[in-house]
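What follows is one chain in structure tokens, specifically the form predicted alone.
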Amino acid sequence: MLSSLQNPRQVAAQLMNFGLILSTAFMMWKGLSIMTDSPSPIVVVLSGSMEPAFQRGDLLMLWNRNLFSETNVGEIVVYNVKGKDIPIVHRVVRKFGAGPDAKLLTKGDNNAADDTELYARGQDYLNRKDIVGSVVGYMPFVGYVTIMLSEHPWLKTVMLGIMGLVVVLQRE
């Protein structure tokens, strides 16, 4: 490992490769965001409020390009609430009006009551602009990695240490 630090070109090449990987991942995320018209095209289910449709840890793919159709009753949507940074995955149970001014009421499949208590203060319904996207697909349990890393921050350090150790051992 010390020999690689003595060669500045090799260190620069490694840094550039790392930057290329990061920028490629960022461009893929932004491209997916533009294609789906959603600021967050992929989300992880964090609670059991949508069971049995989705379990905690499922990875959801979203689509927000409703050019030819509107958000309908029965559709599962992800929405943001003003003042809260965690998106919520629930089903549309009522719709009032049509077009961009439609008012939507949501509810988790596993919840007893609708989501009016979850909405921002003074908000009784969701507007179309609150919707991050509609669920178009999912991958079961793939999001557990994200949940584990957010619930146990020390795991990030352990994973980075293991990755660093693997890189060092591969060079020897």
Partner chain sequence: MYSSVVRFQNAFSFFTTVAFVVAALIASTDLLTPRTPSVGVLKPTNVQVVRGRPHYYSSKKEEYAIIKFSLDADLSSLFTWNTKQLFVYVTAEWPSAGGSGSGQNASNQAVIWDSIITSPSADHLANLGPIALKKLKRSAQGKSIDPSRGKLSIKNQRPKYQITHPSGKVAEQEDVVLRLHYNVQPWVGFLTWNQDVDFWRWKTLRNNLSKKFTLPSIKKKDETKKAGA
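Positions refer to the first chain, counted from 1. Small disclaimer: the values here were computed from a predicted structure and weren't measured. For clarity, a rigid core is taken as the largest C-alpha set superposing within 1.5 Å between two forms.
Missing here is the form predicted together with its partner chain; even so, the following discussion is about that form.
For residue 113, a non-hydrogen atom is located within 4.5 Å of its partner chain in the predicted bound form, even though that partner is not displayed.
When its partner chain is considered in the predicted bound form, residue 168 lies well away from it, no heavy atom lying within 4.5 Å. Within 4.5 Å of any heavy atom of its partner chain in the predicted bound form lies no heavy atom of residue 128.
For the chain shown alone, residue 138 is a contact residue for its partner chain in the predicted bound form, at least one non-hydrogen atom being within 4.5 angstroms. The partner is absent here; in the predicted bound form, the one residue of 55, 146, 66, 40 having a heavy atom within 4.5 Å of its partner chain is 55.
Superposition of the core reveals a Cα shift of less than 2 Å for residue 153 between the shown form and the other one. Positional change of residue 163 between the shown form and the other one reaches 2 Å or more at the C-alpha, relative to the superposed core.
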